[in-house]
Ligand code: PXL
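Take a look at this single chain in structure tokens; it is the form predicted alone.
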């Protein structure tokens, strides 16, 4: 069977002209990690949605013709990686795309973008939660934040979940279908100055946790950056805990590099200053294997 000389990823996300998020974050990260990115934009925006009065152009009607051309070219993707989906119809198009381009060795990563800080994004309704539940069923890896995990599980959002409850959540999410579930922005019991990533792999039934310092700043696009490093690391052959370590360390470096400047957070992390760190070995393995 034909194998790509360079690993190739189909990235189904939106594209913002200004503000480091979605494809403007995903493409440089994966390219730096030695992976070819083939973008399939779901929408084009003048800026990401944290800026007021942004211009938005929906590309739903353009997705199928692009996919049809890729079919005629008989393209083979080592991974399919999705993020923000603007509508239920786009999710249906993506599910058909995954079905039509599927092969056994393929990695399918779904970042189930629905909301943050306990709230659903303004443009979404409960229909999107239901459609996202369908989409995660066909993924190998999902990377919800705590809010999105709560929506997928029909659970109330809480910043006070215990480690045992987080383990239960990742295991329940894996029952939807994905072998690997990674919840970001997870609380650390009794320590408000820390945040964590908790993961479960249903193949070996192991739970993993990486703890990092909480920085009092919010930068759009960090979720996109995190999921992109996870995707790149797994394609490079890293183990799940090393992939999580690599992603957490990269985000931590990027946030620290950005935080010291008098800088508008809505512009996102100063990605260009830290991209080269992706080619460095993991500095220190901080993952924990949970009982």
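Residue numbers count along the first chain shown, from 1. This is a predicted model, so every value here is computed, not measured.
The following text describes the form predicted in complex with the ligand, which does not appear among the structures shown.
With the partner omitted from this view, the residue of 45, 63, 33, 234 that lies near the ligand in the predicted bound form is 45 [heavy atom within 4.5 Å]. When the ligand is considered in the predicted bound form, only one residue from 113, 149, 198, 139 comes within 4.5 Å through any heavy atom, namely 113. When contacts are defined as a non-hydrogen atom within 4.5 Å, none of 180, 239 and 287 contacts the ligand in the predicted bound form.
In the predicted bound form, none of the heavy atoms of residue 81 sits within 4.5 Å of a heavy atom of the ligand. In the predicted bound form, the ligand sits beyond 4.5 Å of every heavy atom of residue 245.
Residue contact with the ligand in the predicted bound form: residue 221 places a heavy atom within 4.5 Å of it. Among residues of the shown chain, residue 157 is not one whose heavy atoms approach the ligand to within 4.5 Å in the predicted bound form. Using a 4.5 Å cut-off on any heavy atom, none of the residues of 172-189 reaches the ligand in the predicted bound form.
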